[in-house]
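Presented as structure tokens, the chain that follows is alone, the form predicted alone.
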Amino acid sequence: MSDTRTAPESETESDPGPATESPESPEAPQRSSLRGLLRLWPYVRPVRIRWGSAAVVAIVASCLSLVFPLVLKWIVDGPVADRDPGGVWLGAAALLVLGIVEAALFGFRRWLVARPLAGVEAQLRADLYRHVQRLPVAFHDKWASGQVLSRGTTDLMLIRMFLAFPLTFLIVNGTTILAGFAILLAQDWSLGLVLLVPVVPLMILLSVFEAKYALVARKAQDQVGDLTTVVEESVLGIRIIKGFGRHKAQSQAFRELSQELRGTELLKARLLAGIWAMITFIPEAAIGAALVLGTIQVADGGLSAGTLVAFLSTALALRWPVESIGFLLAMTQEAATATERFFEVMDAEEEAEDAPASSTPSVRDGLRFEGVEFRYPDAEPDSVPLLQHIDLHIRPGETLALVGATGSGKTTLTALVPRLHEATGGRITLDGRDITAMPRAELRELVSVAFEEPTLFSASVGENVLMGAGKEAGDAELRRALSVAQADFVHRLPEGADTQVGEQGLSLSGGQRQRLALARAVVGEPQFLVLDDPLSALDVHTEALVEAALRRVLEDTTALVVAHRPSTVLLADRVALLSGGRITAVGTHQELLRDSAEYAWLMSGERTHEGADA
């Protein structure tokens, strides 16, 4: 009887690889925030005219607020002093018109930047996704998926917000402050100097704040990535969590990470509150001192009341541009950190450039490994390679079974054929052509793979299977592949091959997912087939049916099959034993049973004296 949806999941055995980790660098030397943000220029350049126009509009709107005090001065020194109600109404009307124009200009600025900056974010996200698809498998082995996800979501949102608001208003507010102080000094230079006194201590405080906030912002964004990883793993591994009753432990782990992030966010809030308090108190104290001195000058007749009102109104109009500097710098630091994290991924080296298509005719030579060696990219240069001096020839149309103990390097060896990993020594040829001299697209059309742990996407059954075929493949190829993989259960699904399998295909049993992955491998009728223990999750009856159908497929292809059970080995013409990173024996199943104690032990599952010695 075939496996059902309630069939237990199969255990995955894979070669030891580099531990998954997420690069965190809060303690690393801080790069220049400005230099990092300038790397965004290629994305901003296409919208620079609209963004620049929006900045000019915002500057004009902000500087209009400095005209209000001048109107007030005219009202106080003119119509009010002359007791002219008509002049007062005229001044009020002027203030109303200025307010309406200012509001309209700020609304226009928002309209100018909304669409182009949303386009910038979309382009950043598209480039990140495209680049991630081109990165080698070693990158994905090393990086936690949550760290990559957070860079493609939270970090890009912070960058868009920075381009839309902090970047614009750092320029706008800076211009407004300069214009405002010019007006203050023109009105009364002595009172203007009083307001300039806080500039030096404020610059020192802002410099210290920027350095501290940059470290905390980086730490918080890395913790968001870690939290995203935990959530993703918990969702994908929900069956394991429930099956072992580990929901409390997982909740505790999540709570601890959340508390760490909460502590970091509170530290950010304390830093921001401190700088906000300082940049509010110091200018307020200076305005208070100017008010006292100005009142004395008015009383002495050295200053008109209208001038004092205009001076204080201008100073108060500058409060917002000055006070906003703190959180604008905070948002800028978060954007700089987000930019740095974005380019950490974008700077990762893609797979080596494809070789140009070769016109050299190939010969029917099958699949060859010639002195192949492999060590993981982050392994020590003088460490022993995981695979050493692999010499193997799979003749055209031949099926070779690869057998070895867990961790011997079988999966890694199969991953070298489609160049999921790059061999660090020797070479691999397909029909006499070095795979490194072939465009990857051509190589992966010739070689089809099925892994022990099947991966399905949130799409229909048919779409998942036809991923392994060219664009011209249709229903006939789909039905043939499903028949070979004994995946006729598809026709009993609610919508047949159009049934959505859901994320990771978890609505199906392990055996059903494995059969769909096998169907995906054979649907394109590849010349070379690499199967990594593709039948491990099947019951013995279904396995026998699949093997019978698969045997017909293997007659027309050159295949390398990782096998753990004698039934799978019997599909092969010959068997290679991988031990200690080397091919130690090659022959038929019967020959190796007779001549290799280690092979006999692996096939029997019994720890004989000879097997233990091996």
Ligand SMILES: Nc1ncnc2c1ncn2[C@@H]1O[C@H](COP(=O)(O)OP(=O)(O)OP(=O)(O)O)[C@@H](O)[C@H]1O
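A residue's number is simply how far along the shown sequence it sits, counting from 1. A quick note: this is a predicted structure, and the numbers were derived from the prediction, not measured.
Keep in mind that the form predicted in complex with the named molecule is missing from the display, and what follows is about it.
Problem - Contact label in the model of the complex: residue 223 to the named molecule, heavy atom within 4.5 Å - result: Close contact is absent here: in the model of the complex, residue 223 is far from the named molecule, nothing within 4.5 Å, heavy atoms only.
Practice task
Could you confirm whether residue 334 comes within 4.5 Å of the named molecule in the model of the complex, counting heavy atoms only?
Solution key: The answer is no: residue 334 has no heavy atom within 4.5 Å of the named molecule.
Practice task
Give a yes/no on whether residue 411 approaches the named molecule to within 4.5 Å in the model of the complex, heavy atoms considered.
Solution key: Residue 411: yes, in contact with the named molecule in the model of the complex.
Practice task
Considering only heavy atoms, tell me if residue 243 and the named molecule come within 4.5 Å of each other in the model of the complex.
Solution key: Result no; residue 243 lies far from the named molecule in the model of the complex.
Problem - Listed range touching the named molecule, judged in the model of the complex by heavy atoms within 4.5 Å, from 376-384, 488-496, 67-75, 117-125 - result: Of the options given, it is 376-384.
Handout entry: Interface residue in the model of the complex among 458, 207, 190, 406, criterion: non-hydrogen atom within 4.5 angstroms of the named molecule
Key = Only one option qualifies, and that one is 406.
Problem - Heavy atom within 4.5 Å of the named molecule in the model of the complex - residue from 141, 233, 477, 284 - result: The residue from 141, 233, 477, 284 that makes the contact is 141.
Exercise for the section: Check each residue of 562-589 against the named molecule in the model of the complex and list those with a heavy atom within 4.5 Å, in sequence order. Expected result: Only a single residue, 564, comes within 4.5 Å of the partner.
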